[in-house]
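As structure tokens, one chain now follows by itself in the form predicted on its own.
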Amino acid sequence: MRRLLLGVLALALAACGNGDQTADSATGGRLEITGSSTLAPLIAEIGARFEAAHPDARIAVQTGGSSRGISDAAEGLADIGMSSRELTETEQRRLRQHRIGVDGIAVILHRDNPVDRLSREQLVALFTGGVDNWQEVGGADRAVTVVDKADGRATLTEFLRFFDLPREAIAAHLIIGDNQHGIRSVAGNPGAIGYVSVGAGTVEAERGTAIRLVAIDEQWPTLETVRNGDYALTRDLILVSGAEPSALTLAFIDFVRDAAVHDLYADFGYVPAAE
């Protein structure tokens, strides 16, 4: 009888322990997040704030491009994928998407380049090699260096879509990965032209980095023009998860979309989806 009572007590204690674990599961555990280099710095900062509010949670953020984030989430290699491009129909069938914000894509030049606005036609000519000297578009007598994005990057996908260009049309001199790599490359070459997130470009220009964001057909790439729709080259910022996300995944996505972290969106130059 004594053994029987001890066994019943042990089962009762185990049940209580499991109940506590279930109660804490929504905000406890580890989340693996991969994907867009545009989103990664913002999500990492939000993750740190989430961890401060929920000490049992760990948020791990890695870059690699939107296509990686989408693939990782679909294959179960990551809990959340970060994407700054639209999902294809096939991807949409496999994943749940959560729109969290809006960003633009800005064409950037070196700060010493006097050109501050370009038409679509001029930009197509510059990026495809039809114009190879800046004096042809009002600049100095200096060769054009085209800085392009690597395959799998959402910024590349949206840039090509906007200008209706095939991938092979870009006459690239340098292929880069994330926004910071692109910004450093243009800041170090007075003849360079590239394209990056409006948010990332704006923040770096305000810090004194030697770049300038230029107008496209008189549309200026700013946080305000992205917010009010006066800048055409924009894209949604999206988090994706598997068809049946965990309680922790949903809790974190809700936190990302909460107005309490909108100040972090402003720090990175992005517009929250709720606005």
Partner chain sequence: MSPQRSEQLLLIPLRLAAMSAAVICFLIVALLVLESLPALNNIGWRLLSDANWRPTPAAADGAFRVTPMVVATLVITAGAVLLAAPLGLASALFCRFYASPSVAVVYRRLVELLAGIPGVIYGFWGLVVLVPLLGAWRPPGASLLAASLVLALMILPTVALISESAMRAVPQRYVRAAAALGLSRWGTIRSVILPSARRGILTAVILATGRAIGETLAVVMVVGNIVRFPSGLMEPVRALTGNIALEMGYASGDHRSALFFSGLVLTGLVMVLVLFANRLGHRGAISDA
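Residue numbers count along the first chain shown, from 1. It should be emphasised that the depicted structure is a prediction, and the values quoted were computed from it without experimental measurement. Rigid core here is just the name for the largest C-alpha set that superposes within 1.5 Å across the two forms.
This protein has a second form, the form predicted in complex with the partner chain, left out of what is shown; the following refers to that one.
- The listed set V115, V124, L87, A172 contains one residue whose heavy atoms approach the partner chain in the predicted complex to within 4.5 Å, identified as A172.
- This chain is drawn without the partner chain; in the predicted complex, the residue among V137, I176, L165, A74 with a heavy atom within 4.5 Å of it is I176.
- Mapping the unseen interface onto this chain, G188 counts among the residues with a heavy atom inside 4.5 Å of the partner chain in the predicted complex.
- By the criterion of a heavy atom within 4.5 Å, T145 is counted among the residues contacting the partner chain in the predicted complex.
- Although the partner is absent here, D151 sits close enough that one of its heavy atoms falls within 4.5 Å of the partner chain in the predicted complex.
- At the 4.5 Å threshold, heavy atoms of P221 stay clear of the partner chain in the predicted complex, well away from it.
- Heavy atoms within 4.5 Å of the partner chain in the predicted complex map, among the stretches 240 to 248, 211 to 219, 66 to 74, 225 to 233, onto 66 to 74 alone.
- Remark: with the core as the superposition reference, the CA shift of S67 between the shown form and the other one reaches 2 Å or more.
- Annotation for G35: C-alpha shift of 2 angstroms or more between the shown form and the other one, rigid core superposed.
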